[in-house]
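The data below hold one chain only, encoded as structure tokens and taken in the form predicted on its own.
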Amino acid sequence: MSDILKALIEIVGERGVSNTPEELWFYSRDPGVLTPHLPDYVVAPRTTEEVQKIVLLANREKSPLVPMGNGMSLTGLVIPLKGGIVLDMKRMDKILEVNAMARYAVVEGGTSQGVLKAYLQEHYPQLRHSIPDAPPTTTIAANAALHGQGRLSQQYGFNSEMVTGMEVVLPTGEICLIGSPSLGPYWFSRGPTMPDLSALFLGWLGTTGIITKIGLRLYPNKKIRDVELFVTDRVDLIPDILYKLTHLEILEDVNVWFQPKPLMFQGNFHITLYFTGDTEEEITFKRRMI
């Protein structure tokens, strides 16, 4: 086991590796209720090449390897059930490119939703990305790996459908480029001139490869956002309401929710509607249509 520690230090340096009990305790659990399990090591690489070397080391030593974004999943995805190495992506958090004309961004695998949002607000206020229903500290790559349904989901699809390209380190240690970056320097699309291999990784929760770079579509950032809430106690009306609302093709997002407690919510079905515009006239028109 000491050989693995020395090898990890050679790859990322002493400050990027730990086997101290207090840090292993932190990496043994997630915010959910599942039983914790200690890893043997935690390592935080800075580059794709370091991730590649760590995967090759884990293969050689037959050590389990668990990639981790920000560890916010509640379902035990990052708990190292068989020990081994937890690979923390937190130091790979650079925004590598924003292509304003083609409306996409390329970020490293540990970049958080909040970091990209703040960067766009400061440097590209006319653009925004889809923010899923998750804390700002969650990583973009991890959200895409579990499909990340959230904001803009009604109009544009799941968070994973907004991915334009990926760089992935395979379990063999090979580096794979998915989409247009496999053909050239631009990360604008996963198709349509090539087979879309992204389904080998998106939705697989990090079990088929470690996403080290990811491209994401950007969207116009409208000046005004409005929210409407509609409530009914008749569940039979919901399908027809949703059909008519989505048929308008003007909603940014729509969310249906219900819950038994507190009692004021019991028996009621809520439809939350999000829509945007650049002028009050546009917002008024959309509100009237809705």
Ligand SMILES: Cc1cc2nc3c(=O)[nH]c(=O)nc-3n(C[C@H](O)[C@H](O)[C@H](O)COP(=O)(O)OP(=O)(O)OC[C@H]3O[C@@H](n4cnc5c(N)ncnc54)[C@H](O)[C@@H]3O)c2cc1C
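Everything numeric here is computed off the predicted structure, so don't read it as measured data. The first residue of the shown sequence is 1; numbering continues from there.
One more form of this protein, predicted in complex with the named molecule, exists but is not displayed; see below.
Segments offered: 221-229, 35-43, 61-69, 236-244. Contacting the named molecule in the predicted bound form at heavy atom distances within 4.5 Å is 61-69. Within 4.5 Å of any heavy atom of the named molecule in the predicted bound form lies no heavy atom of Gly215. Looking at Ile178, you'd find every heavy atom of it more than 4.5 angstroms from the named molecule in the predicted bound form. A residue is said to contact a partner when one of its heavy atoms sits within 4.5 Å of a partner heavy atom; Leu120 fails this definition for the named molecule in the predicted bound form, lying far away.
Under a 4.5 angstroms non-hydrogen atom cutoff, the named molecule in the predicted bound form has Met89 among its neighbouring residues. Only one of Ser160, Ser73, Gln155, Ser198 lies close to the named molecule in the predicted bound form, with a heavy atom inside 4.5 Å, and it is Ser73. Of the residues given (Gly191, Pro125, Pro135, Pro171), Pro135 alone sits with a heavy atom within 4.5 Å of the named molecule in the predicted bound form.
The partner is not shown here, but in the predicted bound form the stretch 202-218 reaches within 4.5 angstroms of the named molecule through a heavy atom at Leu205, Gly206, Gly209, Ile210, Ile211.
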